[in-house]
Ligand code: DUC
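Next up: just one chain, as structure tokens, the form predicted alone.
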């Protein structure tokens, strides 16, 4: 008997960023072929009765097989990182490809292609990290990367070896705008952080807990305001990553209301943990060192309101896996002062289960918001035009969730290359039980079905900034500029 479809997912509740309804999904040749109330036949039928059928998650902020500026390699390669992502409900991810000083963009892409293509079990793309915006990089190398479908990149306003400065950020924003690319920014005032570090060091305050106060809330808030001002000057879109403060979120909300082309995210760690987690016996607090740092309970409550209110376009993991040993956190010694401890927390597998349990099931966000913040918004903003939707013609990247499955988070269930998870012992309700990438099973009932290297590189379209009005600086108006054309 000849079947019309390869796979039919039947009996489930379909959830998109806009609606929830009962229906079946048919898949052919890796694409969603149709959606109907009932679909018969197919070579393979997956019963989703009592379960939620959603677009697979898109993890758009993670560090996989990436060296930090201080030379520490993240624990996860593209195999363990992608497997962990898949067990967390993701069918696609966009890690960073980091340029360090003196490197060409072409050599960076070649390096990461060699790391990703043979190993990833899910589809992937890259955000470039630009730390050395030379004239060649700006005029030739970045446009070549855009032509390959790498249409976003990240810049830093902190860390001496990564900080591009205000003038460099303006140049990068201008090039990005010309090519329809999106600039992501890590916004912290570098001099404020260095000033605090010097004073804490002089006072002998070097334990992990002092990391929490070494990067003041004002350092983030000032830098977010400055980055947005720079982007507004040239009317370029900007994505502010890992917002951790009330003030920073309020600035983003205000600018969005004004029509500025601004996007932003926060991360589960800022919703789940506080600075008190760094104040643990011995060096245990090092497990919770990340930048920006964890804040307080009042900040958590405010950030949740911004998640529910639409300030944040996504909740991303910022998965930065450094093992709790001399290869990772303690590369500079087990008693290293906090500025010498590797900076970052793992969380790629816990992101969506945490957001579902603590967001959807507590009533903080709706199912539709969950889909938007876990998948659909990232697909739109970062140009993943075939992902993030259950529409016919899109890739059959699908996650089937059991909304009642209760689990205690354990490290061994994260399927990464780490030796701990900060979410250890947390009880969460709701979990992905099946994840498909382009119609192929990746994870099903707790087992990995994908083969190493199954994932494909996804060339992305220009960023989708939607109906935002943007900002026209009067200084670029010919009349205001005395007839001089100095458009950005």
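Given the structure is predicted, the values throughout are model-derived calculations rather than measurements. Positions refer to the first chain, counted from 1.
The discussion below concerns the form predicted in complex with dihydropyrimidine-2,4(1H,3H)-dione (DUC), not included here.
- Note on the interface: of 85-93, 383-391, 357-365, 316-324, the segment with non-hydrogen atoms within 4.5 angstroms of dihydropyrimidine-2,4(1H,3H)-dione (DUC) in the predicted bound form is 316-324.
- With the partner omitted here, the residue from 189, 174, 206, 343 that has a non-hydrogen atom within 4.5 angstroms of dihydropyrimidine-2,4(1H,3H)-dione (DUC) in the predicted bound form is 343.
- Exactly one listed residue, out of 197, 291, 260, 119, brings a non-hydrogen atom to within 4.5 Å of dihydropyrimidine-2,4(1H,3H)-dione (DUC) in the predicted bound form: 291.
- The shortest heavy atom separation between residue 63 and dihydropyrimidine-2,4(1H,3H)-dione (DUC) in the predicted bound form is within 4.5 Å.
- At a distance threshold of 4.5 angstroms between non-hydrogen atoms, residue 330 is out of contact with dihydropyrimidine-2,4(1H,3H)-dione (DUC) in the predicted bound form.
- Using a 4.5 angstroms threshold between heavy atoms, residue 338 stays clear of dihydropyrimidine-2,4(1H,3H)-dione (DUC) in the predicted bound form.
- With a 4.5 Å cutoff on heavy atoms, residue 154 counts as touching dihydropyrimidine-2,4(1H,3H)-dione (DUC) in the predicted bound form.
- The single residue of 237-273 lying near dihydropyrimidine-2,4(1H,3H)-dione (DUC) in the predicted bound form is 242, the criterion being any heavy atom within 4.5 Å.
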